[in-house]
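Single chain ahead, written as structure tokens, the form predicted alone.
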Amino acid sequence: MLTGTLVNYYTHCRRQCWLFYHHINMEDNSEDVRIGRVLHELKKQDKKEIALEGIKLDKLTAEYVTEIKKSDADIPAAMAQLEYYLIVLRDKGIMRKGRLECIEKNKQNKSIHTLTLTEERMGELKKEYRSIEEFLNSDVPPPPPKIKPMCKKCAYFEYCFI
């Protein structure tokens, strides 16, 4: 089953996505993942998390679905995750706009990004989700990517490069 996290990982790094989906979990050793989990727990204290069919919403208002991230390190991946949430909700008859809040913007201030899905974009995304599901069902992971600066902070860095 596709989830918002998998859509985020697929956009960020296909190898990370495949490894996570196949339960090769290196994230328990990552300081950044631990910080993200603590932030997630703090958010839950403010309001109840809404969970359904592969999505866990940080905040749902009459106008927005809000996803909160620790940093703006990978905005496209976070926006892809938010788009997935909007599609799942729309399929259930719940129409909202998306709102991404990054607590640290380049380690300085909070940044906020909004998005509204169009019919055309929804069609593109549904095709992309089918491609992701086919990718996840492959028997072997993709090869390690060419190393990028973002790889050094990844929980799977040692698995891929050492």
Partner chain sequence: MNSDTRYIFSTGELFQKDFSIVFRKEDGNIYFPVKDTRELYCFNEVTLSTKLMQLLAKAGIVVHFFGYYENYIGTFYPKEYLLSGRLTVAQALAYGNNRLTVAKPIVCGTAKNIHFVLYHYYRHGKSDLKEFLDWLHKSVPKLVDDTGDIKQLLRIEGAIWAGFYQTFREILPESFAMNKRVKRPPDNPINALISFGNTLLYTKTITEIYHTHLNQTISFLHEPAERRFSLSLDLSEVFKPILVYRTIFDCVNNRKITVEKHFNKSLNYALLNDAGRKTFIEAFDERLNQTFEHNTLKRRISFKQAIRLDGYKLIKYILEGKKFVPFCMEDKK
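Positions refer to the first chain, counted from 1. Keep in mind the model is a prediction, meaning the values are calculated, not measured.
One more form of this protein, predicted in complex with its partner chain, exists but is not displayed; see below.
Taking the partner from elsewhere, Tyr9 is found to have every heavy atom lying beyond 4.5 Å of its partner chain in the predicted complex. Looking at His22, you'd find a heavy atom of it within 4.5 angstroms of its partner chain in the predicted complex.
Lys56 falls outside the set of residues with a heavy atom inside 4.5 Å of its partner chain in the predicted complex. Interface residue remark: Arg34 is counted as part of the site for its partner chain in the predicted complex, having a heavy atom within 4.5 Å.
No residue of the trio Thr61, Tyr64 and Ala77 has any heavy atom within 4.5 Å of its partner chain in the predicted complex. Out of the listed residues Ile50, Met26, Leu39, Met122, Met26 is the one that sits within 4.5 Å of its partner chain in the predicted complex by at least one heavy atom.
Residues with any non-hydrogen atom within 4.5 angstroms of its partner chain in the predicted complex fall in just one of 93 to 101, 114 to 122, 64 to 72, 131 to 139: 131 to 139. The partner is not shown here, but in the predicted complex the stretch 129 to 162 reaches within 4.5 angstroms of its partner chain through a heavy atom at Ser138, Asp139, Val140, Pro141, Pro144, Lys152, Phe157, Glu158, Tyr159, Cys160, Phe161, Ile162.
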